[in-house]
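What follows is a single chain, given as structure tokens, in the form predicted on its own.
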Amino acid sequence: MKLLGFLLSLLASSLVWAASADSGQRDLKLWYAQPATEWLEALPVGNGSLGAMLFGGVGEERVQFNEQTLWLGNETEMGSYQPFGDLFIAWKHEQATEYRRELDLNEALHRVSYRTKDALYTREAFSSHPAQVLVYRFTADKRGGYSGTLRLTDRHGATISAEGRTLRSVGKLENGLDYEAQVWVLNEGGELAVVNGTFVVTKADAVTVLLAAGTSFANDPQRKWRGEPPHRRVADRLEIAARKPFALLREEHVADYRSLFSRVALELGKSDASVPTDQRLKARQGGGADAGLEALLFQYGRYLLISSSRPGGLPANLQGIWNNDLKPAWYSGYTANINVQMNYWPAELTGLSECHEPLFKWVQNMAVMYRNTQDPRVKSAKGRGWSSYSTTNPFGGSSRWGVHRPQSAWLMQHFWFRYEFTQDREFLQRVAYPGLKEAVEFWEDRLVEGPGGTLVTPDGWSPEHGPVLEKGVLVIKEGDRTPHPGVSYDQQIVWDLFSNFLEASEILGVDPEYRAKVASMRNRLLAPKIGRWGQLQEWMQDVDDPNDKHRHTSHLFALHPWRQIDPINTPLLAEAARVTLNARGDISTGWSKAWKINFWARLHDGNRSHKLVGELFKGSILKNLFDTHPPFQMDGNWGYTSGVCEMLLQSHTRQEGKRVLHLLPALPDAWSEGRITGLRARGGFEVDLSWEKGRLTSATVRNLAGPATVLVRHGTETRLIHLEKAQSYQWK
């Protein structure tokens, strides 16, 4: 994104935010009247790499922490993402009243307050990106109020030591990865002593705890994924942080976080933020209305992405960066038949382009690992391009379950998204285009001739089931990976890839001859087909079962996240997609419901999208607002945030060769009034919307990129506008 456009966008969003008079928008807090009693009730903090789940206990606080590079496995073995350790902080405050525990999304601050018979105690915690440390401060309105112990534990047999003001754990995983955590305890008043490897605090007025952790992982296959031991790096972070007053650490953290988070503000009617979040959730699950809670979950998704994906780090995994299990479900890895892609659907839509960058780096690393693989199951046909298995780790090791050949093509879609939303030509030329071309070459080498001279993928798979013959009867079997030619999922992803390549090639003015060849191949691709019961076919043969309720609806990729199907340009295919969604039903896993919110929004059916919002809350949102498959996985949170965007603004279609910005394309009746500021649209636009009684009252379209002509659509009205860079258009 160009600097001027970015600054104008940030300034405009900040001014709008400051002018907001709605208490629900300003009070973006998850809060509870009791401590967490289990991990999935604790609240998450994170700085992109260092995450923690905070329980808020009175007698004993538990800080379960993770560092995103603590992985078992290697280039050949999958391994799994690992919990790092726990910090237990026990104060002599057993009886408490007026208890409150909260997570403030506006400032990324975790707070706890409670009263004993003689004092008010308060806590504030955050994981600082600028300082790269977790900061936890304990204060009270009386002197000498803190007496207790602090102890550090490790999940992997590390050596624990305590000396001076430092608790330290040092260990090595079985794959040779070195790791270390350090905790510094800074007491104000009172005494600090070491007793049997535990810190003992006596009558301190206030206590500040700093925690840092790291490993010897290097995000570089050329270095065999190994760097320097983490000791000096971890110690330096703590030394620098300890020299700063708490107020300054807090100020730097909030400023850094808000530079991202405050770009988008959403209001969806009024709500009662005085009610604890778990009680609001219970009421919503029972069928009650709470548009404010739905807005809170939208912003929670943005908070979680900022907290688990920052430039220079690894991408958010299946659980973001938060994990408490030595053997997490699906390795807590990167599953690329929907999940890791869904993680990043909100990135460009909600002004978090920087948070997208770790995904790009990981994809580039996987390309290095798989271009020259000797694994015959995933080796490219003629040595061009790459593919892998469905689930992969940071080193290139995989689960070896489910060959997923369209993986690289789908992942390259995100590189194209980055260009579409930012219009960053340098990124397109240097990063995106080479990857797009390589993926195109892979499929040029794999496509074969199918029925009627079409081009089809020879051995595809529709995650995660397929048609098989059992005792002479064709059935759709869960988990089946039998290869089939011309599977709709594969065909649509290849069509998407070819389309993105063609547009990129034309923008850059390169490879005209190859562009013509790819255009010819795209025109021959087997297109989406409508089956015998009006459905969009999942396989080349018309074998779809109308009673199939499978969680994956992969053959609707062309509807979302891509643009091959939409109600205006391809109404018959859109209707077939509607038939398919009705047959699959609304009851499914968390991430599947989230995807369906996006599907129905793309069909311009806001009430059906909102029905899926209700289903998501009803069975797939936990007390701390994490999504559950089950088990817990974060993609449903991010899919939901994306779905809200799609209900309010769409920019993926074209009419007469011009891009369309579609305002409120799927506004549900339940959101009769509201506004959103800072949404991003393809073409380099930023959009603010306000509506009352279900009708658009105003819209502002800002051009953050170069000169552009665009169609702005609302309902049946379409306006053609031209904007120079930094110009705005007001729809009234």
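Because the structure is a prediction, the values reported are computed rather than measured. Residue positions are given as counts along the sequence shown, with the first one as 1.
Below: the form predicted together with ligand FUC, not depicted.
In summary, the region of this chain contacting ligand FUC in the model of the complex, judged by heavy atoms within 4.5 Å and restricted to 261 to 269, 187 to 195, 545 to 553, 577 to 585, corresponds to 545 to 553. Interface residue remark: R137 is not counted as part of the site for ligand FUC in the model of the complex, having no heavy atom within 4.5 Å.
Using a 4.5 Å cutoff between non-hydrogen atoms, Y303 does not count as a contact of ligand FUC in the model of the complex. None of the heavy atoms of W600 is located within 4.5 Å of ligand FUC in the model of the complex. Proximity of E464 to ligand FUC in the model of the complex falls within the 4.5 Å heavy atom cutoff. For the marked spot (V63, S127 and W322), a heavy atom within 4.5 Å of ligand FUC in the model of the complex is absent from each of the three residues. This chain is drawn without ligand FUC; in the model of the complex, the residue among T335, S398, Q491, Q82 with a heavy atom within 4.5 Å of it is T335. Comment: ligand FUC is not present in this chain, but in the model of the complex one of T277, Q182, N339, N365 has a heavy atom within 4.5 Å of it, namely N339. Along 85 to 121, no residue reaches a heavy atom to within 4.5 Å of ligand FUC in the model of the complex.
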